[in-house]
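Below you'll find only one chain, the form predicted alone, shown as structure tokens.
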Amino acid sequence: MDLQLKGKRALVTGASSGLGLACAKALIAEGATVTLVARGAARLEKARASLGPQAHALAADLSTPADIDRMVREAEALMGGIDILVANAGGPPPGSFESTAVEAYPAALQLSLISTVAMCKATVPAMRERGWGRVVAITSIAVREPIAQLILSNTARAGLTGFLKTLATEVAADGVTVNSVQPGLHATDRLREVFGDTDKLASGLPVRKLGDPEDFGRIVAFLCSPTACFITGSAIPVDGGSSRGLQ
């Protein structure tokens, strides 16, 4: 299936590895030009080189507001504009209500909520002017079912989901769709680093296997396509059936 993304220009953050890199790879496979963003320059350059001439790379820190503004300006200069934003950021530190100080919340909200708000503020107006654009944020299945010991992430990502739903209704008539994708357990290097034995994790899922990051990337690419023009304001779980709620 041709997703009709040839010539589109995408900015993908958190793209040096894992789900972000898989999204960039899927978009490039469909003909898009992509600027990859991550903090670590060496790892980022390695990822860019693996994707070929349609890929650019910019090192930036989403926890720093000034870096976000610079990143967007430089990405626009590299590609001539931004049609697609795939917003992906690492999660804040773990902790419970009791163990997490109030002072820890601002940094978590900046990384996992406000950074995406800022990127939308910087990119969506031009999308509206052109009459076409796509925003896809990678959040977490924790938005549906808060995960124990992740109170900062649960709080920030739920807030981001509310922002995206509101934005979607405001820009839908201008040809811009806004969605989020809620990943469950996928076979990334980060998951292996944290849990080690992923076979046990896989056995606890209804599908009895971890998600493939490349499959996840193709789902995001579809949401970025013209075919997905009637999907907006949605928060889509990609979790192997692990969430039990009806919505």
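Values in this document were obtained by computation on a predicted structure and should not be read as measured data. All residue numbers refer to positions in the sequence shown, first residue = 1.
The following text describes the form predicted together with nicotinamide-adenine-dinucleotide, which does not appear among the structures shown.
Of Lys209, Lys46, Arg190, Arg70, which one comes within 4.5 Å of nicotinamide-adenine-dinucleotide in the model of the complex, counting heavy atoms only? Selected residue: Arg190.
Go through Pro125, Pro94, Pro146, Gly90 and name the one with a heavy atom inside 4.5 Å of nicotinamide-adenine-dinucleotide in the model of the complex. Contact residue from the list: Gly90.
In the model of the complex, does Arg157 come within 4.5 Å of nicotinamide-adenine-dinucleotide, counting heavy atoms only? It does: once nicotinamide-adenine-dinucleotide is placed as it appears in the model of the complex, Arg157 has a heavy atom within 4.5 Å of it.
Using a 4.5 Å heavy atom cut-off, state whether His186 contacts nicotinamide-adenine-dinucleotide in the model of the complex. Yes, contact at 4.5 Å.
Hey, in the model of the complex, does Ala168 get a heavy atom within 4.5 angstroms of nicotinamide-adenine-dinucleotide? Taking the distances in the model of the complex, the answer for Ala168 is no, it never comes within 4.5 Å of nicotinamide-adenine-dinucleotide.
Leu19 versus nicotinamide-adenine-dinucleotide, in the model of the complex: is there a non-hydrogen atom within 4.5 Å? Yes - in the model of the complex, heavy atoms of Leu19 and nicotinamide-adenine-dinucleotide come within 4.5 Å of each other.
With the partner removed from view, which of 136 to 144, 94 to 102, 72 to 80, 159 to 167 is the stretch that lies within 4.5 Å of nicotinamide-adenine-dinucleotide in the model of the complex, judged by heavy atom distances? Selected range: 136 to 144.
Where, within 109 to 126, is there a heavy atom within 4.5 Å of nicotinamide-adenine-dinucleotide in the model of the complex? Residue list please. Sequence-ordered list has one entry, Leu111.
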